[in-house]
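Look below for two forms of one protein chain, each set out as C-alpha cells: first structure 1, then structure 2.
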Structure 1
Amino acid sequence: MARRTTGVLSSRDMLRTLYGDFMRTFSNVLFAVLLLLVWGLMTLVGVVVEQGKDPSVYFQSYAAPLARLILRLNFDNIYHAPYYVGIIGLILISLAACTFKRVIPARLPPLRPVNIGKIPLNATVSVRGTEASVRARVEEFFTKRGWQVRKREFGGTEWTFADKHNWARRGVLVAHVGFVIIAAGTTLYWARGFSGDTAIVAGQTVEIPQTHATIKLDRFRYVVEPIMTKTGMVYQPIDYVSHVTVVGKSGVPKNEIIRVNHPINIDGTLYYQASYGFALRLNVTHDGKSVESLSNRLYATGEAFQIPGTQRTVQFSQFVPTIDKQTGQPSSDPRVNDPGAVLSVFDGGRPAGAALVPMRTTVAIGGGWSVEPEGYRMVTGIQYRYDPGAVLVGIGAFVLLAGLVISFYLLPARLYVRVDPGSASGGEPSRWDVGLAATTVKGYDIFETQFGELVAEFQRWLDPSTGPKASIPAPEV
C-alpha cells in the first residue's frame, strides 16, 4: 500500500512539473513573440512565392535547386501546409496560456486586504460618529457616484472595496477573444477557401477548376478619359467592364456584368474585374504560304512560338493600341486607334531583334518566314475568391476593436477602504480613521488627479466640519 501511494504521488508530482514547465514556456512573452515572428516569416514566404501554380511555373521562375526546395517544403501551398496550421495552433495555445497565467490575474485581481500606507495613492480621513454611521456614509458616498461596492471580512476586520468601470478590466480579454475569432475565420479560409485568377479572351469560355463554373466573355468595354495636366496629356482609365455569361451549379446561363469594385457572386465565390489586355492573331507564312498550325490561334502577351526546323522563336511582347504617325513609336494613348504589336525574335534563346509592326503589316524574319499581325481581341483579367471565414473575420475584427477601445479609453480603478478606531476625547463621539488606497490597471500617475479630487469630496461628505487630515503621498516614480 505504501509503495502504491508513493507511486501515485510521484505521478502527480510529475504531472505538476510538466504542467508548470508547459505554462512557464507558453505564457512567456518572448516565446509568444518568437512564434509570431516565425508565423510572419511563413506568411511572407506565401506572399513572395506564388501559390497554387503548376510545378513548371516554379522551374521557369527560379533556379532548379530553389524550385525543388519550394515544392518539397510545400512553399507553393504554404497556407495549407501542416506546419503553417501548426504554428497558428501554437500561437493560440500561447495566447490562452498568457491569458490565464498573466492577463486574468493582472486585470481581475481578487478582493484581498492591502497595506494602505504602502500603496502610492493613499489617504486617511478622520471623522466623528459611530462605527455603523461612518460605514453607512462610506457606502452611500461610493454608491451614489456609480462605484460598485462590495464588503469582505478578513481576520475580523471589515474591508470595503469600491470599483469603477470594473467590467472594463475585461477589455484585454475581449481583444483576445477577437483575435481568436479572426484566427478561426482565417483558418476556415485556409481549410476550405481558395483564390485565383484567370484571363478570358472575348468570345471564349473558361472553367474555374475549383467550382467548375464557366464564364464566357461576350464583350469587353473600357473607357479612357484624356486629362490635360501641367506635365502634359494623361490618359486616365475611368471604367472597364466585362459582359459575361456565367453558368453555376444550377446549370442555368445568366448574363452578368463585372466591373471594378463591383464583383459578381457565383455560388458563393466572388469574381472581380482585375485587369484587361489584348490577344493577338498572327498570320505566319513560309514562302508565301500560311502555316495553319501557327496562324489559327490567339497569342497572349508574352507568348512565343518556335519556327519549325530552326532554333528561332518569335514572341508577342507587347500590344500597342496607338502608334504615333509622326514618330512611328508607341503613343501614350491607350485607346485603340492605329494599333500594332512589338514582336521579338530570339535565336537559340538569345535576342536577335525586335520590331514594332503595325496591324496588317508583314515583317520578314528570315529563311522565307514572315509574320503579319492580323487582328486582336480584348482579354479580361478576372480574380476570384471564395472565403467561408470572411464573416468570422469581420466579427472578430469588430470584437478586437471593441476590446482595444475598452482597454485604451476606459480606466478601471479599485479603492480599498478600511475604517479603524481613532482617538476619543471626553464627552465627544468616537473618532474614526477611514483609510483609502487606489489602484488601476494603468499605473498610478494616470489616476493621481482624480484620486485627489475624490478624497477631497469624500472628506466633505463624511464630516464637513472636520479639518483636513487627508494625506495623499505623491506616486513613486
Structure 2
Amino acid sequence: MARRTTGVLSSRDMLRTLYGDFMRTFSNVLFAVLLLLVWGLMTLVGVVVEQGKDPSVYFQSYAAPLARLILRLNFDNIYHAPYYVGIIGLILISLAACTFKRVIPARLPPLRPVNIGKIPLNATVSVRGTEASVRARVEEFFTKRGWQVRKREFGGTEWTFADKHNWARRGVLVAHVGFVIIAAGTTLYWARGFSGDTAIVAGQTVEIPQTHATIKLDRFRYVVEPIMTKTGMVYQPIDYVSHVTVVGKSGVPKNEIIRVNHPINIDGTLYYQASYGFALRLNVTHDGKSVESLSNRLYATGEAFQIPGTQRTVQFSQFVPTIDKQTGQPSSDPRVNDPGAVLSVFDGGRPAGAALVPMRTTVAIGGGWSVEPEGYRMVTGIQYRYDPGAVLVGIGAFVLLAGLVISFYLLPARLYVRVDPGSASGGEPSRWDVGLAATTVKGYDIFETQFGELVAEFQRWLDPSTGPKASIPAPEV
C-alpha cells in the first residue's frame, strides 16, 4: 500500500514537473520569438514558391532536386501543410501560456520600499519647510498631475508611491485576447462555413449545393478602355458586371447585379464576381453532315471531345476576342471584334496540331471530319462564401489593434518618494531631502526625458531656490 502511494505521488510529481517545464518553456518570450521566427520563415517560403500549382510547373521553374524537395516538403501548398498549421497552434499555446503565467499575474508591483540610489532614474530635491508641509506638497504635486498617490509606512519611515497609466499594463493582455478572438473566428469558419465557385453560362441556371439557392445568369458585360500610355496602348479593364436572377430560401426570384467589390448577399451567403470567360459552340461535321451529339452543345475553355471511331480528340484551348487582321494572330485587345478560337488536336493524347480558327470558319481535321466555331456565349465566374466567423475575426483584429496601441503609447510608471531630514543642512531642522526614483514597464531609458522634466518641475513646485542633485536632461542634438 505504502509502495503504491509512493508510486502515485512520484507520478504526480513527475506530471507537476512536466507541467512546470511546459509552462516555463511556452511562457518564455524568447521561445515565442523563436516560434514567430519559424512562422515568418515558413510564410516567406510560401511567398517565394508559387502555391497550388501543378507539379510540372515546379520542375519547369526549378532544378529537379529542388523541385522534388519543394513537393516532398509540401512547399507547394505550405499554408495548409500540417507543420504550418502546427506552428500556428504552438504560437497560440505559447500565447495562452504567456497570458496566464506572465500577463495576468503582472498586476501592480507591491508597494515596497526601494533603495532609491540604486535605481538609475533617481533624483533628490532639497526643500525647506516643516515635514508635514513638505509631505502635503509632495502629495499635491502628484495628485494634480494625474498620478495615483498612495502612502505606506515601513520601519517608521513613510513612503509615497505615485502610479500612472496602471490600467495600460493590460495592453498586452488585450492584444493577446484579440489574437484568441481571431483564432475563434477562423475556427468557426472551418467548423461551420463553406466556400466555392461556379461558372455560369449566359442563359443558364446553377444551383449552389450547400444552400440550394439558384442563380441564373441573364447577361454578363465587361468594359475595357483602350488607353494610350507613355509606353504604348494598354487595354484597361474598367468593369465586370453579372446581371442575375437569384432564388433564395424565400422562393421569390430577384434580379440582382454582381460586380467586383459589390457582392450580393443571399440568406447570409455572399456571392462575388470572380472571373469571366467564353463558352464556344462548335459545328462538327463528318463528310459534310453535322454531328448533332457534338454540335448541339457549348464547350468550356479546356474542354475536349473525341472524334468517334478514332484516337483523336479536339480541344477548345482558348477564346480569342480579336484576331489581328494583319498578322492573323491574337490581338492584345480583349474586346470582342473579330473573334476566333484556338483548337488543338491530340492523337492518342499527344499534340498533333493547333490552329487559331476565326469564327464561322471551317477547318478540316482529317478523316472527313471538320470543325467550325459557330458562336460563343459569355460565362461568368462566381465565388460564394458563407463565413459565420467573419464578424468575430473583425472584432478580434480591432481588439488586437487596441491592445497594441495601449501597449505602445501608454507607459505605466511608478515613482517612489521618500522624505528625509536634510543631509547637507548643517543641523538646520527645517531642511528636507525629497528622494525620487522611477520605474516603468519598458525600462528606464524610455522615461529618461520625462523624468528629467518631472524632477525639474517638482523642484520648482517644492522650492524654486534649490535644485535637484541629479536630474537627467535630454541631450540637445
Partner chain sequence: MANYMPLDEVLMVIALASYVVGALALLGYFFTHEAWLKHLGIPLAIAGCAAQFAQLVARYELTHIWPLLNLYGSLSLFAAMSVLLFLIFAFRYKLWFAGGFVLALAALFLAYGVTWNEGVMPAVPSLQSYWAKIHVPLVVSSYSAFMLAFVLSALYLVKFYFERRLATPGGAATPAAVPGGAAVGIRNDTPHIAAAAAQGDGTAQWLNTLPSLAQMDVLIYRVVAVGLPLLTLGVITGAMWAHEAWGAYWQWDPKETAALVSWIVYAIYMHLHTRNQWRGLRSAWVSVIGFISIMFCYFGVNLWISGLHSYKM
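These numbers come from a predicted model, not from an experiment. Take the two forms, superpose them, and find the largest set of C-alpha atoms that agree within 1.5 Å; that set is the rigid core. Residue positions are counted from 1 along structure 1's sequence.
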**Request:** Identify which of the two structures, 1 or 2, is the form predicted alone.
**Result:** 1
**Asked** Does the C-alpha of Gly129 move 2 Å or more between the two structures once the rigid core is lined up?
**Response** yes
**Message:** With both forms fitted on the core, check whether the Cα of Phe154 differs by 2 Å or more between the two structures.
**Reply:** yes
**Request:** Please check if Tyr386 moves between the two structures, taking a CA shift of 2 Å or more relative to the superposed core as movement.
**Result:** no
**Asked** Rigid-core fit: what Cα movement does Val114 have between the two structures, in Å to one decimal?
**Response** 4.0
**Request:** After lining up the core, report the Cα displacement of Thr25 between the two structures in Å, one decimal place.
**Result:** 5.1
